[in-house]
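Heads up, the chain below is alone and in the form predicted on its own; it's given as structure tokens.
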Amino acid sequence: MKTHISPTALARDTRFNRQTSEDRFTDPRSTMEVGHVDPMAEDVGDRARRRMHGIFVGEIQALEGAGRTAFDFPAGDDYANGEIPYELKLDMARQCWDEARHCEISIKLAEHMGGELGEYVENTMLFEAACHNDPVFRLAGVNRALEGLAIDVFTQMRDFGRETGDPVMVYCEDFMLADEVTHVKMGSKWLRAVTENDPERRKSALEFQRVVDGLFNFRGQRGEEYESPIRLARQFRKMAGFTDGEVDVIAEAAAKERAAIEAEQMAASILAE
């Protein structure tokens, strides 16, 4: 088996419809960009199914990302040259088991909601966070940025289940949310441990995380307001090891991007008149 594979090498069957990252950013129907999943909206069923499909493909890529981290790097204590603690490999293996269960749960939830695998597109943007050659950057991109996004989305969908009176969704999302908090905590723990004697590497990894978090803001869609398409789950992020300052940075970056897009749209509207 090859190490350090590219996103284009991910195996998929004919049920999947892959979309490039370039197409994703120009397609308003993207799996994650569905707007606020409002229980009172006329198209709430489609929005919720699209969000669930996005969660499903995200879980597949999180599984693949954790698996690659466990496989791509040798065990050892020469952290400066790409080795990782054996215990870190064990944590990544545990995460793979969790993500595999999440895939099964998400498929069943999609069916429960009247959807099916392949109904919406998949892009490999999430897995791309797991393609860095430095394992510390992988931890920052996957276990803190990607799994942090999962905390936000699972919390929001759990609350959506409560609002719509769907105990199945509430139970499943709450179950997976607990796992995601653990995955982020593992990433925070090992990022600190591997870079204990290398503060510059840690600083660079956290900067990489901010870049990935910027991509996961999905053109300014994250925020702490109820109507935010992706609502930041500050409480659970803090349980997972994020500081208030780190959550503030994500929220502020998303707000700035959202304001810039709204300003562009307003300018285009004025010019059109």
Partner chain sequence: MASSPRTPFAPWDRRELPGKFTVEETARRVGHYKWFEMRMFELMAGWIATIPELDIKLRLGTHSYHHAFHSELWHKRLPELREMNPERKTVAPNPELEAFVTELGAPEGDDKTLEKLVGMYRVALPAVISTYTYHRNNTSKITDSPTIRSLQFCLNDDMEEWVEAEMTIQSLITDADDARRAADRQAELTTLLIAAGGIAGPGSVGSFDLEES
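Residue numbers count along the first chain shown, from 1. For clarity, every value in this text was computed on a predicted model and none was experimentally measured.
As for the form predicted together with the partner chain, it is not shown, yet the points below apply to it.
- Taking non-hydrogen atoms only, Ala9 approaches the partner chain to within 4.5 angstroms in the model of the complex.
- In the model of the complex, no heavy atom of Arg49 sits within 4.5 Å of the partner chain.
- Contact check for Phe127: a heavy atom falls within 4.5 Å of the partner chain in the model of the complex.
- Though the partner is left out of this view, Met1 does reach within 4.5 Å of the partner chain in the model of the complex, counting heavy atoms only.
- Think of it this way: in the model of the complex, the partner chain has a heavy atom of just one of Ile107, Ala193, Val170, Met113 within 4.5 Å, and the residue is Ile107.
- Of the listed positions (Ile60, Val212, Leu232, Ala240), a single one reaches within 4.5 angstroms of the partner chain by any non-hydrogen atom in the model of the complex, namely Ile60.
- Partner proximity in the model of the complex, defined as non-hydrogen atoms within 4.5 angstroms of the partner chain, places exactly one of 156 to 164, 132 to 140, 173 to 181, 71 to 79 at the interface: 71 to 79.
- The partner is not shown here, but in the model of the complex the stretch 100 to 121 reaches within 4.5 angstroms of the partner chain through a heavy atom at Ala100, Cys103, Glu104, Ile107, Leu117.
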